[in-house]
Ligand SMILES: Nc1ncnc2c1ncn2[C@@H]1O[C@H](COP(=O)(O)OP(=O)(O)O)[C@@H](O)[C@H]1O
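Just one chain is shown here, as structure tokens, and it is the form predicted alone.
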Amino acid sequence: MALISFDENKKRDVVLIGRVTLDFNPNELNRTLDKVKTFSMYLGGSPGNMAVGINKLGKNVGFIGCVSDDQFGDFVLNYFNERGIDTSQMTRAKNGERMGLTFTEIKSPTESSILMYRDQVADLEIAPEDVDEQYIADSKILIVSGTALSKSPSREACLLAVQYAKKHGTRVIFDIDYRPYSWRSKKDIQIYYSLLASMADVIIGSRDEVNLTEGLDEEATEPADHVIAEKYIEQGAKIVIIKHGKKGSIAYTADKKAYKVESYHIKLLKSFGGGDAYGSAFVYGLLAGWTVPQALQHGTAHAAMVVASHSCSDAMQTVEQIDAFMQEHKDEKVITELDWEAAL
């Protein structure tokens, strides 16, 4: 029996709220950003990438967000529309706000970094007035990006969307997705992240992000992962996934199970973008009624495929492609059930 159930009468599988931006990935690899001469432009931003990933897996996806009123805004809307992602709830910035830009640096397959331009960005201009209650009610899942909580009016729009979701039985997934830009203080981060976490059915974040949510030092290792997961589960969460970078991640479930998630052994091209692929395939698995280990395995397979590619959004895979990858790597064990209190 699946840990999370969904109202099959709802006509839309997933709606995401948050940022969609532009990624500029270097065409010249294995060098620092100042040595790069040309870039390829892709749709980016974690919620944007996840929308594309879930859509590529065959699910009905909508997006609530704001884009710039210029050619780059056109690019995003056209990209979504061409793939059948519903943009009826997307707005245009009214005061000259621009698309967020991300320049990625690929120094080596295992060493990458990002340089973001996020002053006066359009995606933080989504407002409560732009959130339609019926649209949320018609969706099985609402995915909220933590970055969208960093500034008004976007944060109020997200909180209203979650209120609507709770009212109408729409499941809430909180992707903590911390970016330092736009936040006023660490205390603000704790207030809004913890508020959202208390209302979420699924919480996904790195240990650093969870520490920020709890008002702890970012490098803190106490309390242990399972203690924090227990707190969220007591508040109503069904699944809590805490990531630990190269060590892997642990997924804690409301039926008192814990699963270690490791990576497949593949040839890396870059070290970013895997999280969005992981999230999109994991969500697909939940919607399909799979067990948590099955959904996690599908997620980590999708992540491996995307980090081996130049882009994030354009590299999202189909169900058949992920299944074929898993078959090729069937001898690798990437999901292990752990004792509840075990640590990585």
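Since the model is a prediction, treat every value here as computed from it, not as a measurement. Numbering starts at 1 and runs along the sequence shown.
What comes next is about the form predicted in complex with this ligand, which does not appear here.
- Residues of just one listed stretch (132 to 140, 258 to 266, 79 to 87, 152 to 160) have heavy atoms within 4.5 Å of this ligand in the predicted complex: 258 to 266.
- Here is the short version: of Asn55, Thr300, Gln317, Ser68, the single residue with a heavy atom within 4.5 Å of this ligand in the predicted complex is Thr300.
- In the predicted complex, at least one heavy atom of Gly275 sits within 4.5 Å of a heavy atom of this ligand.
- This ligand is not shown here, and in the predicted complex it never comes within 4.5 Å of any heavy atom of Val283.
- Mapping the unseen interface onto this chain, Gly248 counts among the residues with a heavy atom inside 4.5 Å of this ligand in the predicted complex.
- The shortest heavy atom separation between Lys243 and this ligand in the predicted complex is within 4.5 Å.
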